[in-house]
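Read the single chain below, which is given as structure tokens and is the form predicted on its own.
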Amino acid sequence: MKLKELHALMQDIEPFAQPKVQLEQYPTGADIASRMLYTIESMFNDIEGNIVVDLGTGTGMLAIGAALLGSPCVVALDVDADALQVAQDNCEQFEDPLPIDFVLCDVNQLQQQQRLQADTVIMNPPFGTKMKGADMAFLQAACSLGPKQIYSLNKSSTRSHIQKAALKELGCSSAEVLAELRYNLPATMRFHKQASVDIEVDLWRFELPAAAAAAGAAAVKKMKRMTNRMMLDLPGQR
């Protein structure tokens, strides 16, 4: 799928009706989301055929894009039930069913989801403006899933801190900025005085050590076998 086609499919995804400032619910636009996902797939082939987890899915923008790019199983998590309802409504606007499971879950309690595994984690986490340390909490949660790779959008101003934490504290084997992007933030909150603001963000790719990735891969294979057995038990699948 070409970038232009992906963007066209994603541009009608609805934003938050009533964004919650305490959760930093700023919309991920179709432009930056499609570019992020297209880069992931075209450069690394980390979406098609891979189990993808979207942490803090919000309106479902990244999860839907991953499904459109060929992920057979996308798990979209968010702590806000209202956001998940918006995401589900967005998912249902597509004619063909998308392989997305929406889960109400706090990333700080992700380790309790023992069956949750991923090949690839994608996320546009809170920048930590209202929730101090939220950006790093998301990255820590992503690492706990033992995926092969993690992709995240983070403020460019936090680059050195994120790289140091990823490599020295979270045990990532690599932490690379793939691209510098501009996040167009529209005025969605009452306190916003400008119509929109451009924020410089980095598209990160994190890799986990081989041992952790291998353990994660084994768990993913088990999850895929369970999914296949469930599909065989569905009416009309025999």
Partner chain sequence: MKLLTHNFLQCHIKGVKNGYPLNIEAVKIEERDADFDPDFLRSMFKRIDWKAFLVGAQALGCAEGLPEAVSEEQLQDDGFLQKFHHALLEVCLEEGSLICPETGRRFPVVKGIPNMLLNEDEV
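Residue numbers count along the first chain shown, from 1. Everything quoted here is computed from the prediction, not taken from an experiment.
Not pictured, yet referred to below: the form predicted together with its partner chain.
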{"property": "In the predicted complex, the one of L153, A141, I162, C105 near its partner chain [non-hydrogen atom within 4.5 angstroms]", "result": "C105"}
{"property": "Answer option from C73, C91, A166, A137, heavy atom within 4.5 Å of its partner chain in the predicted complex", "result": "C73"}
{"property": "Contact flag, G133 vs its partner chain in the predicted complex, heavy atom cut 4.5 Å", "result": "no"}
{"property": "Close approach of G128 to its partner chain in the predicted complex, 4.5 Å, heavy atom", "result": "no"}
{"property": "Contact label in the predicted complex: T158 to its partner chain, heavy atom within 4.5 Å", "result": "no"}
{"property": "Heavy atom of I64 within 4.5 Å of its partner chain in the predicted complex", "result": "no"}
{"property": "Contact test, all of V79, D101 and Q112, partner its partner chain in the predicted complex, heavy atom 4.5 Å", "result": "yes"}
